[in-house]
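Take a look at this one chain, the form predicted alone, written out in structure tokens.
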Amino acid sequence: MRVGYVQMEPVFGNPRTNLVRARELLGRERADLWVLPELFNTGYVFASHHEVRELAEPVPDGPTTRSLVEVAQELRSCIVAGVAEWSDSRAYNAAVVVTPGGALPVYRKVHLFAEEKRWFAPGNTPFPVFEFGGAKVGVMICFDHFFPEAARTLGLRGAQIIAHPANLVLPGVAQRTMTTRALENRLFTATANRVGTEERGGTALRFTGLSQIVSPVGTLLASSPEEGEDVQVVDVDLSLATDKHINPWNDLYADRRPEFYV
């Protein structure tokens, strides 16, 4: 399977512009599975609940999700993308998964970071694993990386690849933790971060780039610079993410002792 990500710099408050730019970047390479950043369609630094309400969209019936389905059909690919979702009078920091056949159930970010707690409701959906092109793909969003339970849950549910849309601001942290998540679960991870700076409402954030794809043994297969938009694609051997043995005696999942875990 060919797995790729887009590292981009969204324009705050302009979903259409961001969608067009993402499509341009996706057209640079061919991949079976694409990962776009967290909140790629809206930008990140909200200044009011009114902004959130104006920019969040229903899923799957909103314009961003519908357009992404068209792109997936055109590219014959699966796309995992971070969006602001509006549902039942609440906004969620969410990830949509679209295939040429349509949109799959949305994932809503379980672990909200910093001021996200002002604007978004806590996620209320399970960590999802779906199948596409013979691969089992799990989804988590940005700050979920700090919680090993998130990746372990996806691994136990059969994920061979974790798609990880992100808007990372802590330099180099997630790059290390996602390498660890790949290694401790023997699966691939694909982190799509954004770049650029947003300064709004007295808050200024610089996003750190360094998007990456990591192998089940912790090898860095693809990486991007700290600044500038970028697209990377790698071929992955899914069989490497099905064997959880680290030697003839030890299996990372079979050796678990949940009765001793708090």
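Bear in mind the structure is a predicted one, so any value in this text is a computation, not a measurement. Residues carry their position along the shown sequence, with the first being 1.
Same protein, other form: the form predicted in complex with a further copy of the same chain, not shown, and the subject of what follows.
Between the options V129, L156, A135, A103, the residue in contact with a further copy of the same chain in the predicted complex by a heavy atom within 4.5 angstroms is L156. Taking the partner from elsewhere, F120 is found to have every heavy atom lying beyond 4.5 Å of a further copy of the same chain in the predicted complex.
The closest non-hydrogen atom of G218 lies within 4.5 Å of a further copy of the same chain in the predicted complex. Remark: F147 counts among the residues lining a further copy of the same chain in the predicted complex, judged by a heavy atom distance of 4.5 Å or less. When a further copy of the same chain is considered in the predicted complex, S87 lies well away from it, no heavy atom lying within 4.5 Å.
Contact here is defined as any heavy atom lying within 4.5 Å of a further copy of the same chain in the predicted complex, and by that definition each of R176, T180 and N250 is a contact residue. Partner contact region in the predicted complex: 156-164, out of 70-78, 188-196, 156-164, 94-102, criterion any non-hydrogen atom within 4.5 Å of a further copy of the same chain. Taking a further copy of the same chain as positioned in the predicted complex, the residues of 225-262 that bring a heavy atom within 4.5 Å of it are, in sequence order, I246, N247, W249, N250, L252, D255, R256, R257, F260, Y261, V262.
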